[in-house]
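First, one chain by itself in structure tokens, the form predicted on its own.
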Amino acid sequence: MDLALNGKVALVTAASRGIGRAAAERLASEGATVIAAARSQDRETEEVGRGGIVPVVADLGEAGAGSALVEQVREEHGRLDVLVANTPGPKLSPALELTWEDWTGAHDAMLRPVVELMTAAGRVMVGQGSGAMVLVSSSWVRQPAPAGVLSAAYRSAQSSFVKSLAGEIAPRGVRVNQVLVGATGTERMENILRSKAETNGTDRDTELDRVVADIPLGRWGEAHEIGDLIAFVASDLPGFSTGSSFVIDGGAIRSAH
């Protein structure tokens, strides 16, 4: 399926590995020039399909870094057609064991970067009269998991921001949606499994079996599957969709809403 992204300029954050990397590769395979931002980079500019991936080092945990990154893309490439706002997940801990420093750290790593990125990108896109933004979020927004309070809380705040922003700038030709991701076979998920195994006195495979037992499709997702959906949502094919949440979790969320 041609997503009609050839020639588009896309910015993907937290894009050196996992879901961010998968999204960058799929967008590039469709012909987009993809600026792949991460705190560190070990890759050079590379061709992928008809497009290319351009690595950029940016620590979005620093105040103002998100706005500066968007401005850098605009200056170097002349426009910004797609933003995929992806942030690293926070620490896992029971709520009563968290300190206020944990909360402020998660705010600086998750909420502030998304607001900065989307506000700056929104202004560029409104000026162009077109564009699409996709927030990479978590199914924990709808169904929190044990020890996942930081993620659920700040991703819920991200979601509210996306919904509000989408309504404000839709009349200006810019769409804003989010993808709610369930259990996916990334490096972070492997770390979570090992941590659970250590805590519970089990092993990685036992903990994976417990995760998969709650997923009707009987497996966890693969990063490329999430990247495919992100690229689709970022394209003009679902052009009548904004302020929407696309869930990809193998059916783990049972609620109807």
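Not measured: the values here are computed from a predicted model. Residue positions are given as counts along the sequence shown, with the first one as 1.
Beyond what is shown, the protein has a form predicted together with a small molecule; the following relates to that form.
K.L.:
Sort through Arg210, Arg219, Arg194, Arg39 and report the residue having a heavy atom within 4.5 Å of the small molecule in the predicted bound form.
P.N.:
So the residue touching the small molecule in the predicted bound form, by this definition, is Arg39.
K.L.:
Only one of Val181, Leu80, Met118, Val176 comes within 4.5 Å of the small molecule in the predicted bound form by heavy atoms, so just point that one out.
P.N.:
Contact residue from the list: Val181.
K.L.:
Using the partner position in the predicted bound form, report whether His224 sits within 4.5 Å of the small molecule, counting heavy atoms only.
P.N.:
It does not: once the small molecule is placed as it appears in the predicted bound form, His224 has no heavy atom within 4.5 Å of it.
K.L.:
For Arg188, is any heavy atom within 4.5 Å of the small molecule in the predicted bound form, or not?
P.N.:
Yes, Arg188 is a contact residue.
K.L.:
So, Asp214 and the small molecule: in the predicted bound form, are they within 4.5 Å at any heavy atom pair?
P.N.:
No, Asp214 sits far enough from the small molecule in the predicted bound form that none of its heavy atoms falls within 4.5 Å.
K.L.:
Within a 4.5 Å heavy atom cut-off, is Thr242 in contact with the small molecule in the predicted bound form?
P.N.:
Close contact is absent here: in the predicted bound form, Thr242 is far from the small molecule, nothing within 4.5 Å, heavy atoms only.
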